[in-house]
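Okay, so here's just one chain, in structure tokens, the form predicted alone.
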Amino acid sequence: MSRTMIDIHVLQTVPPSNLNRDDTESPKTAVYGGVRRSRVSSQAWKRATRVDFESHLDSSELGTRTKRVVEWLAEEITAQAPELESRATELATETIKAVGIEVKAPEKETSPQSGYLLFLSRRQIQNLAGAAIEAAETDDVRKALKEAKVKDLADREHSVDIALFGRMVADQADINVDAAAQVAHAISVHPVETEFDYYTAVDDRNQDHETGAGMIGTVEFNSSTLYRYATIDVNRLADNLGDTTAVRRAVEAFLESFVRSMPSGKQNTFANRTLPEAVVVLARDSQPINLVGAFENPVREPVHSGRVKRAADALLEEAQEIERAYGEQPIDSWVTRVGEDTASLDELGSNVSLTEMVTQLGELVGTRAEERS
């Protein structure tokens, strides 16, 4: 099959909030088009998407990113072979070392840890545990683990999230996984100014004659209409997963979770959870195309309407101009939207519900993945 790229474009308005803050607790921002915009980092939304996967995928299809990989593997060894519980940590340590990962002696922790976060799938941990159990029956555990080629066990049967978001292993670059999904930093389609909420808290046990606050503080926030973008290289995803059914499930889960998820920063303070005003999915066979250029000239809301209509119109115009100038025609497209302000986007694809969008995209991806296999 030719290439299959899935571009996901989202317009989403959030009220006063601090979704993603920097080291000074301020909402993250970026200058684009000569003005300061609200920004939510790609890492924040990828994390939110991964967490939301738990609502759509079985835990066996997901991975874990942790420094406590020895502890995790020791638990799996014990689960598979309870008689090895007393040796589980030792066997897990030797197995991780045999993969080529450096582990550090425990300090406050009860088990050695890797020097950095290591991303492994549930199946990979199970397979490594199986190799460790077999090695435990030999006189030379290290030799047995080497002969079992445990590094190979850590480099196949990737989970959906590893296949989508990739994996970097500093000690062993040959088991890195190239990400099939790319996520852009979300930015507001308009200029923003950071504001401050001054708050006080009263001590509930104060007496009537006692005045003043028990605590005083400030919280920074802004509100914005965000343009969010992500793309999936279906060919690379197929290479990472090696199974057409898994590829379809991964794409469907990613679309659903990317659209519905939201970073949890200051959620209890602002109750800012919203759903997008518009989602546009364009399936391409050439290259991914980020349409952020639609907002290089910042949206200025008119007196009698908000930003969403102008943002939707600008997105439509940018997509059509890209198609005209470069001959970039999507192989299929869908639009899920709310309200009349986004009606112009129907020109970009079939107007469907999110459920229908997920299903129809999955069918397209499944068909093209089978043609490739």
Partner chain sequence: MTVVALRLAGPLQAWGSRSRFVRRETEKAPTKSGVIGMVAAAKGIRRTDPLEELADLRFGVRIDQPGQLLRDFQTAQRPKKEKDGTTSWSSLPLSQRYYVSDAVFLAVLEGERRLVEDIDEAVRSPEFPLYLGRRSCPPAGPVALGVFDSGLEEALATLPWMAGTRRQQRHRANTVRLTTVRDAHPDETDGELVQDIPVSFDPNRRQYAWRTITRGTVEIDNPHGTAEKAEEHDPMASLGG
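Numbering follows the first chain given and starts at 1. Rigid core here is just the name for the largest C-alpha set that superposes within 1.5 Å across the two forms. Keep in mind the model is a prediction, meaning the values are calculated, not measured.
One more form of this protein exists, namely the form predicted in complex with its partner chain; it is left out here, but the text below deals with it.
With the partner removed from view, which of 276-284, 233-241, 133-141, 212-220 is the stretch that lies within 4.5 Å of its partner chain in the predicted complex, judged by heavy atom distances? Result for this chain: 233-241.
Exactly one of A271, L117, A79, A201 has a non-hydrogen atom within 4.5 Å of its partner chain in the predicted complex; which residue is it? Partner contact (heavy atom, 4.5 Å) among the options: L117.
Could you spot which one of E328, D58, E317, D346 gets a heavy atom to within 4.5 Å of its partner chain in the predicted complex? When its partner chain is considered in the predicted complex, the option within 4.5 Å is E328.
Report yes if any heavy atom of D174 sits within 4.5 Å of a heavy atom of its partner chain in the predicted complex; otherwise report no. Output for D174 is yes: heavy atoms within 4.5 Å of its partner chain.
Using a 4.5 angstroms cut-off on non-hydrogen atoms, would M262 count as touching its partner chain in the predicted complex? Output for M262 is no: heavy atoms all beyond 4.5 Å of its partner chain.
Does its partner chain come within 4.5 Å of any heavy atom of E296 in the predicted complex? It does: once its partner chain is placed as it appears in the predicted complex, E296 has a heavy atom within 4.5 Å of it.
Heavy atoms within 4.5 Å of its partner chain in the predicted complex: does F258 have any? Taking the distances in the predicted complex, the answer for F258 is no, it never comes within 4.5 Å of its partner chain.
Using a 4.5 Å cut-off on heavy atoms, which residues of 181-200 contact its partner chain in the predicted complex? In sequence order, A181, Q182, V183, A184, H185, I187 come within 4.5 Å of the partner.
Flag for L255, CA shift 2 Å or larger between the shown form and the other one after aligning core: No; L255 is a residue whose C-alpha shifts by less than 2 Å between the shown form and the other one when the cores are overlaid.
Taking the rigid core as reference, does the Cα of F196 move 2 Å or more between the shown form and the other one? No; that C-alpha moves by less than 2 Å between the shown form and the other one.
Core superposition between the shown form and the other one, C-alpha change of G242 at least 2 Å: Comparing forms between the shown form and the other one, the G242 CA shifts below 2 Å.
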